[in-house]
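Okay, here we've got a single chain as structure tokens, the form predicted on its own, with questions on binding and movement later.
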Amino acid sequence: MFYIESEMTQIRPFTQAIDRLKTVHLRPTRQRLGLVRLLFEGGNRHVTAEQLHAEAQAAQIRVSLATVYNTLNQFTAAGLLREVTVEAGRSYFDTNVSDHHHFFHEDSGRLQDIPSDQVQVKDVPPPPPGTAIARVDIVVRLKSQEK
């Protein structure tokens, strides 16, 4: 029997999600599969744990907020996501793990990508003995201008 790609997607909607998890050696549980689909099927995005939890509830994915946090941390450790901390206790999870920086809109709480070639970092101090620089993250904070 032959299937065109759209029919295969309807038959096995979790195939890409399963493959993504298996690639990083994470077991494809029901909750992980649901969260992977929410995170990655809409292109690159920035999401907080609370936002993802609300999306999961709306999509009728039964998952606790604690499980969302744990899963986001597992995905980050596995390299599927990048955590961007904008202030103490406030982190976003970025589906774009390539080298880039961010604008943070303080008024709206929105995070926006800045391509890495638009930022130059000069004179980074040498790391302490026994360490190496993994990457440099720059968050440029924006506020609305009063007229």
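All figures in this text were calculated on a predicted structure; none of them were measured in a lab. In this text, residue numbers run from 1 along the sequence as written. Take the two forms, find the largest set of C-alpha atoms that superpose within 1.5 Å, and that set is the rigid core.
The same protein also has a form predicted together with another copy of the chain, omitted here; what follows describes it.
For Lys122, a non-hydrogen atom is located within 4.5 Å of another copy of the chain in the model of the complex, even though that partner is not displayed. Proximity of Thr48 to another copy of the chain in the model of the complex: non-hydrogen atoms within 4.5 Å are absent; the residue sits far from the partner.
Within this chain, His25 is remote from the site of another copy of the chain in the model of the complex, having no heavy atom within 4.5 Å. Remark: Asp137 counts among the residues lining another copy of the chain in the model of the complex, judged by a heavy atom distance of 4.5 Å or less. Each of Ala88, His105 and Leu142 places at least one heavy atom within 4.5 Å of another copy of the chain in the model of the complex. Listed stretches are 88-96, 26-34, 39-47, 66-74; the contact stretch with another copy of the chain in the model of the complex is 88-96, by a heavy atom cutoff of 4.5 Å.
In the model of the complex, another copy of the chain lies within 4.5 angstroms of at least one heavy atom of each of the following residues of 114-133: Ile114, Gln118, Val119, Gln120, Val121, Lys122, Asp123, Val124, Pro125, Pro126, Pro127, Pro128, Gly130, Thr131, Ala132, Ile133, in sequence order. With the core superposed, Arg27 shows a C-alpha displacement below 2 Å between the shown form and the other one.
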